[in-house]
Ligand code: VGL
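As structure tokens, one chain now follows by itself in the form predicted alone.
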Amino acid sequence: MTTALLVIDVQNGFCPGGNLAVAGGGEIVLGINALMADYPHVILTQDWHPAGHSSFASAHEGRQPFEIVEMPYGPQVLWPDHCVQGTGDAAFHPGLDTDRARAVIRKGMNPAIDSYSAFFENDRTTPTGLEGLLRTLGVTDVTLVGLATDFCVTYSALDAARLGFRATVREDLTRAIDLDGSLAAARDEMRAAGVALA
């Protein structure tokens, strides 16, 4: 068994004061840092949107953040502008130990498609390259932590399980947006897919 810790989007934009702040987002940083020592491989993901990304409400005239629209790849929540490339909002939380990271997987770079999962864009077919990296490293098991539980962490865990990795989400080291019951739905979906919630 070879394990990897996937640290999902622990960025200023998702922490208090950020453009898409998740309640308690900064509280998990020290625990994540402590957990890194238990894993031979630590991989960080980073939301890295171009300005004017199609998932931003500001890119759709008359639309408000958190409305849902239909995109060619399916339903899309419209978000406040966040994690724009090169901005402080997109930077990792200053307390996160990035020195342990073997790699940083940037996602959401395609202006036409959002990317919640660490493995695929939201069309569920365009890869980020993470699967190939994990296979090359001989990884069989992944533990996921970070932000936000009910979006990027869940999508990443579901894809990990679909690709044949044993996936565990450390819920104590995640925080959720919980948009209209999205956290309960995400937990149900992860359990049904065989993801362990710890």
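Numbering starts at 1 and runs along the sequence shown. Here the structure is a predicted model, which is why all the values come from computation and not from measurement.
Below, we refer to the form predicted in complex with pyrazine-2-carboxylic acid (VGL), which is not included among the displayed structures.
Undergrad: Quick one: does Cys152 come within 4.5 Å of pyrazine-2-carboxylic acid (VGL) in the model of the complex, counting heavy atoms only?
TA: Although pyrazine-2-carboxylic acid (VGL) is absent here, Cys152 would touch it in the model of the complex, with heavy atoms inside 4.5 Å.
Undergrad: Using a 4.5 Å heavy atom cut-off, state whether Trp79 contacts pyrazine-2-carboxylic acid (VGL) in the model of the complex.
TA: Contact check for Trp79: yes, within 4.5 Å of pyrazine-2-carboxylic acid (VGL) in the model of the complex.
Undergrad: Decide whether Phe119 counts as a contact residue for pyrazine-2-carboxylic acid (VGL) in the model of the complex under a heavy atom distance cut-off of 4.5 Å.
TA: Phe119 lies outside the contact set for pyrazine-2-carboxylic acid (VGL).
Undergrad: Is Val145 close enough to touch pyrazine-2-carboxylic acid (VGL) in the model of the complex, meaning at least one heavy atom pair within 4.5 Å?
TA: Although pyrazine-2-carboxylic acid (VGL) is absent here, Val145 would stay clear of it in the model of the complex, with no heavy atoms inside 4.5 Å.
Undergrad: pyrazine-2-carboxylic acid (VGL) is absent from this chain, but in the model of the complex, do Met36, Tyr39 and Arg170 each have a non-hydrogen atom within 4.5 Å of it?
TA: Per the other structure, none of Met36, Tyr39 and Arg170 touch pyrazine-2-carboxylic acid (VGL).
Undergrad: Taking the partner as it appears in the model of the complex, which of 43-51, 28-36, 159-167, 130-138 has residues with heavy atoms within 4.5 Å of pyrazine-2-carboxylic acid (VGL)?
TA: The contacting stretch here is 43-51.
Undergrad: If you apply a 4.5 angstroms heavy atom cut-off, which residues in 1-24 are near pyrazine-2-carboxylic acid (VGL) in the model of the complex?
TA: The stretch touches the partner through Asp9, Phe14, Leu20.
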